[in-house]
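Next up is one chain by itself, shown in structure tokens, the form predicted alone.
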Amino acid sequence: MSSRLGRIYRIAGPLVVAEGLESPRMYEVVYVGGEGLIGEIIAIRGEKVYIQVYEETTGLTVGERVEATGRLLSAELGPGLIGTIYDGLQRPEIEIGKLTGDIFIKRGVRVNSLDRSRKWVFNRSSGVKIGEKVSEGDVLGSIQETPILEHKVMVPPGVKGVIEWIADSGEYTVEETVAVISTGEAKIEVKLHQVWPVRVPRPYREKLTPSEPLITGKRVIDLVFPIAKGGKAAIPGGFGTGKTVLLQSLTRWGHADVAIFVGCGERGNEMADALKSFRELFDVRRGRPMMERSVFIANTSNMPVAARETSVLLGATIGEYFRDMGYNVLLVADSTSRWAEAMREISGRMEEMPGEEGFPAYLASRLADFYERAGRVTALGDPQRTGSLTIFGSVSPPGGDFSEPVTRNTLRYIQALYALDYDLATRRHFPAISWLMSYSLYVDFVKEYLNEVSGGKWYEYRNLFLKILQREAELLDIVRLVGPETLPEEDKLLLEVAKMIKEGFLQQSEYDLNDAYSSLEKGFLIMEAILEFYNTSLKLVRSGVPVFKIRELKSPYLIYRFKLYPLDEARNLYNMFRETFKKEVEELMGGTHGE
């Protein structure tokens, strides 16, 4: 039997070069040094093996041992994922804190990702019997992991055969066998958990065309630039534009069964605040705590840079696991730029040929591998079971420059862009999503769904809103030169309506519970009120009424208040607006004709 031990040849920060390791494999997990630091083989050059170490390498010396494990970097998938805070290596932070203290994480700590002592109530599926044929993805039973999430115990991918034995309903730990499947060549023990390599996408039966929007509660997303379930989107923005707050809001309010928040290289205090707030949040829409449908992966900026890559891949793997159960999963990664910076650092230490701005030549392919794991699919097993994984990745371009390599390469693989505008953020307009730079390629896919909700009017209204906002941008250039009074009356009216769209519709406050989340019905109500005002006012202007008289009307200001009330009260306010506006228009027309 060949030796699986080697020795450290060179150390360069998180990169360790080893020699003497026989039969190494790409992406094989190794333990480095006396403390057994976790690393992964990322290159093999002759007799030298290049290892990126996921823990601090200070104190390592040349000649220390390197032990190969023979396995790929993998995630443990099973009951206990929900509500847990992991680091980038899927070590539960709270359990590590109990072992090493809450100040700093000790190096080389190995903790099981899933609790081995906790017993879960396994409910065997009624249709599953001994002697029955099963294949990958078939559900053997279920566990009520939280009051709002049923965890399905599935036959692992790649396994098919006849059930030789299956456990009765009862309490089991994640390591106990609940079924034995005979494949003809071997007998496979199925436990409550699976192990899956994080770099390998989980298989599915068929990828489906997106057709239903993922409701986020943000009007600018849901009704202007919608994203479909299974979609992939990027949120680029400079410092202070509100990326993290927007991602947290999407996680909280999004119509997803499972939410996964990946903090990838973000500031430690910001990550701590996010985790603290999430643990205290109550999901008003579902009537349960947020933690009962959430998974958190925390990788702060002071942690070893190499672990940033594993954090996003771990998030995608966990997301695919719940997708395979038939759930709609939302994954937000904050931020992919920190991951790209880690790639650049490791690549530089490996002395690879740098690409643009020092990033490695494989930057684009790594980003593609990540975003392509999103999608709506028919899962293995029951052909009627469909699930989706929707990915939002934030990008932090230096100085807000969207032409830098990470942003530019990300745009090649996503289908919805929510560009955050620094000027909007400085004017306290949040979410600071630019309606001029953002886009969604999912509009045609979700058109039928949104038109059905809005009585067939959404697509027409959305396009009209965008035309008004684009025309306003053109007019503002003229206004800056010669002032607003030189404009024709119709253009003056358009500026008023554009202001109403921006402040009464697009702008939302995270501090107002009625406005932080906006249903489709409420958002469409505001759209209808604004366009009713615009169409009627346009007729007035064309009949000779000056815009300053329309500006003096009281009823249009009710539209700004719609968003501050629950849907039922907003409907009452809408009816009040229509009645009052009609009377004011009649009085205005009467006064005009009298003149």
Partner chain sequence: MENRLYTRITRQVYSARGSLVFVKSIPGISYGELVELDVDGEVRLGQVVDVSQDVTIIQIFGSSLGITPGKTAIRVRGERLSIPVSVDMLGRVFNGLAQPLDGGPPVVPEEYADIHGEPLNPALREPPSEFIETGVSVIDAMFTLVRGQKLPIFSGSGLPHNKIAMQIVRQARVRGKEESFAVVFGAVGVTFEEAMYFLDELRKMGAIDRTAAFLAPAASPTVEKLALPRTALTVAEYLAWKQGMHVLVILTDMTNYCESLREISAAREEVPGRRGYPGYMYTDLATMYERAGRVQGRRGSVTIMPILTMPDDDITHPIPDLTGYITEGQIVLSRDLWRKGVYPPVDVFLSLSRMMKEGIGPGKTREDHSAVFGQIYRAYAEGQRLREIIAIVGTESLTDRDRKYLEFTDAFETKFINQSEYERRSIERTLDLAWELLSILPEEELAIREELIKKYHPKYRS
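Positions refer to the first chain, counted from 1. Since this is a predicted model, take the numbers as computed values, not measurements.
What comes next is about the form predicted together with its partner chain, which does not appear here.
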For Asn302, is any heavy atom within 4.5 Å of its partner chain in the predicted bound form, or not?
yes
Any chance Val62 has a heavy atom within 4.5 Å of its partner chain in the predicted bound form?
yes
Can you check whether Leu573 is within 4.5 Å of its partner chain in the predicted bound form, heavy atom basis?
no
Contact between Tyr422 and its partner chain in the predicted bound form at 4.5 Å, heavy atoms?
yes
Triple contact flag Arg7, Ile96 and Gly358 to its partner chain in the predicted bound form, non-hydrogen atom at 4.5 angstroms
yes
What stretch, of 426-434, 147-155, 367-375, 163-171, brings heavy atoms to within 4.5 Å of its partner chain in the predicted bound form?
426-434
Please tell me which of Gly456, Gly131, Gly483, Gly184 lies within 4.5 Å of its partner chain in the predicted bound form, judged by heavy atoms.
Gly483
Selected contact from Leu72, Leu464, Ala272, Leu487, since only one has a non-hydrogen atom within 4.5 angstroms of its partner chain in the predicted bound form:
Ala272
Using a 4.5 Å cut-off on heavy atoms, what residues in 170-199 are near its partner chain in the predicted bound form?
none
